[in-house]
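Single chain ahead, by itself, as structure tokens, in the form predicted alone.
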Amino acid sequence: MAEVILVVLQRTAAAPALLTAAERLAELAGGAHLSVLAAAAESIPQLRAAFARWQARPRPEPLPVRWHEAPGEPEAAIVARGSRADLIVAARPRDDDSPAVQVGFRAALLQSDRPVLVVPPEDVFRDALRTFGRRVAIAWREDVHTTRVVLPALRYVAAAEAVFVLAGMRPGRPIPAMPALLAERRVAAEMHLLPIGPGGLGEDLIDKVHELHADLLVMGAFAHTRLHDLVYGGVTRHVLACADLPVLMRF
């Protein structure tokens, strides 16, 4: 049974990177069906053209893919199709995104109940979009958000050359051990401890990912309620703003 990967297209400039990343995920999964959703009413013709150019690329084997359009509000379509997919691919948010794009991304991450591969701009990560998944970093903490993303991620990291577990460590607390979830599945991983100071962990996490030359980061996404709205947690907010590699997240 093949997996279904939903690719959410909203910004035309981001479409090639998202489609290429989804194709790489299908390869890592050993085959998958891509479901491509144009979720920006004002850009559907441009998105359709970008999709056609990507689809016309020569490939050793055909890639099963279906095209869908959401001419109205994107949120409902993203949640409906995303909740039926195994994984969602979406562009990393930008400060100048329209409200519709911001709502669409939050719907994918916070409402679909599925892992989301957050893809950086193509000009940031161009050279590795076709090969990521060889060196995988897992930001680990003992909670349901992390477990919910790591378990499905194991399908995509089975053939990785190296897996790194990055665990935060607070002063005076016990040293974190290798996660039982990985040990029980005989995942060969290296443990790296990151001291947690008053400034938070986001910047140190990205620095460590760079130091290890990781090309995929897996982590739980966190949000909390503030004034009747969901606000991203500090590490999640920093990674969404600054990560220059694909990040597999789940709320």
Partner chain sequence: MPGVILAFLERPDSAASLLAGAEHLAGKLGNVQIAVLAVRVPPEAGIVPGEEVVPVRVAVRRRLQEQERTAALHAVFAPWAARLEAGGRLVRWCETEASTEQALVEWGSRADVVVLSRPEEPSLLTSQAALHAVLFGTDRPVLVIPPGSSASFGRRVALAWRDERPATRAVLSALRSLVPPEKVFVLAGVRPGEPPPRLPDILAEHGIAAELHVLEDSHGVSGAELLEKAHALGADLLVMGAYRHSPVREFLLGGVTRHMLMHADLPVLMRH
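Positions refer to the first chain, counted from 1. Quantities reported herein were computed from a predicted structural model and do not represent experimental measurements.
The same protein also exists as the form predicted in complex with the partner chain; that form is not shown, yet it is the one meant from here on.
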Could you tell me which of 129 to 137, 166 to 174, 144 to 152, 94 to 102 sits within 4.5 Å of the partner chain in the model of the complex, going by non-hydrogen atoms? 144 to 152
R84, D113 and V187 all contacting the partner chain in the model of the complex, non-hydrogen atom within 4.5 Å: yes
Using a 4.5 angstroms cut-off on non-hydrogen atoms, would E3 count as touching the partner chain in the model of the complex? yes
In the model of the complex, does R66 come within 4.5 Å of the partner chain, counting heavy atoms only? yes
With a 4.5 Å heavy atom cut-off, would you call A158 a contact of the partner chain in the model of the complex? yes
Could you confirm whether M178 comes within 4.5 Å of the partner chain in the model of the complex, counting heavy atoms only? no
